[in-house]
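Listed next as structure tokens is one chain, alone, in the form predicted on its own.
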Amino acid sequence: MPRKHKKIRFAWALTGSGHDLEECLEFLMGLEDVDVFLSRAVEEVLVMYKYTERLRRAKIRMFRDSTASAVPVGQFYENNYHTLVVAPATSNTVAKCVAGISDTLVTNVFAQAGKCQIPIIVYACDTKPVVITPAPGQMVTVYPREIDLECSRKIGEFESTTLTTNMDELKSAVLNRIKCLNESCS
């Protein structure tokens, strides 16, 4: 019996930011063929914002940060993913990625996607000097530090990495990636 063709997928990594988290969830749940990689922090944030059940109902394959060696990262070596999206990306995750630190599931998938030459799209939360963002039950104003802004700029300079700074840019980058994949497949 012939082997069934494996469908290559999006890998979408969620970090512990509430900034545009709801919008990111809505968008990723509308995509086909996507696996979600959850940081430990986002699992806490999903509960705080009451999004856990919504993500669970979406019947999306999810990988949790529950192993010391980030076992799910091995899928990047098996040609399972055509694109990694990290959205929303906290300043902590962005700084670790820029410094080459891969000590969490999300920073590990970022590193391995880069090493496997898989295109990466990052929606960094701290790209502007003033950010108005939701916190549980209220909107807050935050003032990213210069180091946060610098790391966001630097991550956009990584090869095969697209930096996005808002939801419109994120959606456009993902849709352009889908278009590119469709054109090269036909």
Ligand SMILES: Cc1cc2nc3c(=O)[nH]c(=O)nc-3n(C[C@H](O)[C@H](O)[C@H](O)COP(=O)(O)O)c2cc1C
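Here the structure is a predicted model, which is why all the values come from computation and not from measurement. We number the residues from 1 along the sequence you see.
Quick note: we don't show the form predicted in complex with this ligand, though the next part is all about it.
*Asks:* In the model of the complex, does residue 164 come within 4.5 Å of this ligand, counting heavy atoms only?
*Replies:* Because no heavy atom of residue 164 falls inside 4.5 Å of this ligand in the model of the complex, the answer is no.
*Asks:* Answer yes if any heavy atom of residue 136 is within 4.5 Å of a heavy atom of this ligand in the model of the complex; otherwise answer no.
*Replies:* Flag for residue 136 set to yes.
*Asks:* Can you work out whether residue 39 and this ligand are in contact in the model of the complex, taking contact to mean some heavy atom pair no more than 4.5 Å apart?
*Replies:* Taking the distances in the model of the complex, the answer for residue 39 is yes, it comes within 4.5 Å of this ligand.
*Asks:* When the contact criterion is heavy atoms within 4.5 Å, does residue 49 count as touching this ligand in the model of the complex?
*Replies:* Residue 49: contacts this ligand in the model of the complex.
*Asks:* Only one of these stretches, 56 to 64, 154 to 162, 25 to 33, 41 to 49, has heavy atoms within 4.5 Å of this ligand in the model of the complex; which one is it?
*Replies:* Residues of 41 to 49 come within 4.5 Å of the partner.
*Asks:* Given that this ligand is left out here, which of 112, 90, 83, 102 has a heavy atom within 4.5 Å of it in the model of the complex?
*Replies:* Of the listed residues, the single hit is 90.
*Asks:* Which residues, if any, of 150 to 182 lie within 4.5 Å of this ligand in the model of the complex when only heavy atoms count?
*Replies:* Going through 150 to 182 in order - heavy atoms within 4.5 Å of this ligand in the model of the complex - there are no hits.
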